[in-house]
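Only one chain comes next, encoded as structure tokens, the form predicted on its own.
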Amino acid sequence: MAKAIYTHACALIFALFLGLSAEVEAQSATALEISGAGADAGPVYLELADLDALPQVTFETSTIWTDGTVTFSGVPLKALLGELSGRNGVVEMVALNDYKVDMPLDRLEDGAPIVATRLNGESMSVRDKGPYWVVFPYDSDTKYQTETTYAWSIWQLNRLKVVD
């Protein structure tokens, strides 16, 4: 009898653990993790509503990944990183599939790039390069039309880490 109760309790705990793991995994698809250099710079997790509460930039541009001109809106990466953006070093940008690219912090401008939260006014699904996509106003200046800039244009973004 005691063995049956123990087995049942273990099965219940395992089921609860699986349910909790699925919930955490579902949240991780939409949360943007931001961490900085330094011992006390633990990660911060921002959801879409948190990003929407920050300063926004909107621009129209064509891209090498979309058809025609599209409208992007989101948070300037420089504003998102705040005081971390003034440092020397790089920001590691990591996608859901663990693709990673490093961008020097001194390349951040006030309005570019942005962490786009919306494409043509709609939030982006993972299937459509979301939930977040680092984009530049490519049509506004030829300096944004380089292989390096295109490489920094990471989609399915879910982690940012400032590294000295």
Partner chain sequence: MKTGLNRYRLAIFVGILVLIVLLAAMAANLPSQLRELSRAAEDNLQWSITQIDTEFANLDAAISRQIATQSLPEENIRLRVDIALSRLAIINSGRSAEIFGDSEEARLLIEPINDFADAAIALSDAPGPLAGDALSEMQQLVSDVRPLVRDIALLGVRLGAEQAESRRTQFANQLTRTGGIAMALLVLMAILMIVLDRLLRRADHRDAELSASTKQLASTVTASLDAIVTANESGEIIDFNTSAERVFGWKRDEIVGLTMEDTFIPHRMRDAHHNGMKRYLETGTPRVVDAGRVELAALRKSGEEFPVELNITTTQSGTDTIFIAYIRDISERKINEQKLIDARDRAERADKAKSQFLTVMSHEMRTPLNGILGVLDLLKTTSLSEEQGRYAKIATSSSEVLLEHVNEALDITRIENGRLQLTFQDFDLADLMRGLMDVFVPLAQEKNLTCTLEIDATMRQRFHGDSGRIRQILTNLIGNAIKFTDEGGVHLHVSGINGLKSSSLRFEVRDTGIGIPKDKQDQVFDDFVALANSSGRQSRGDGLGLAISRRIARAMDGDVTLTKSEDTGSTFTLTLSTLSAVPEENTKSEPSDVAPPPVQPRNVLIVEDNSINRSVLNGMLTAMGHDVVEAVNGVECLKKADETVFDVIFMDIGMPVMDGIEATQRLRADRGPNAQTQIIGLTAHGREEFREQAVAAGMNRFHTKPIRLDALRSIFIELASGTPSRLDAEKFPEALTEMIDLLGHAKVRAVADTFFAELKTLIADLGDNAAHSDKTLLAEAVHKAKGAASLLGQTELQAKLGDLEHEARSDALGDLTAWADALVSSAQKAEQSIAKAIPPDSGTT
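Positions refer to the first chain, counted from 1. Owing to the predicted nature of the structure, the values given are computational and were not obtained by experimental measurement.
One more form of this protein exists, namely the form predicted together with its partner chain; it is left out here, but the text below deals with it.
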query	finding
Its partner chain contact in the predicted bound form: D110, any heavy atom under 4.5 Å	no
Any non-hydrogen atom of V126 within 4.5 angstroms of its partner chain in the predicted bound form	yes
4.5 Å heavy atom contact, V44 to its partner chain in the predicted bound form	no
Partner proximity in the predicted bound form: N97 to its partner chain, non-hydrogen atom cutoff 4.5 Å	yes
Segment that reaches its partner chain in the predicted bound form - one of 60 to 68, 116 to 124, 46 to 54, 102 to 110, heavy atoms within 4.5 Å	60 to 68
Contacts with its partner chain in the predicted bound form - residues in 141 to 162 whose heavy atoms fall within 4.5 Å	T142, Q145, T146, E147, Y150, A151, W155, Q156
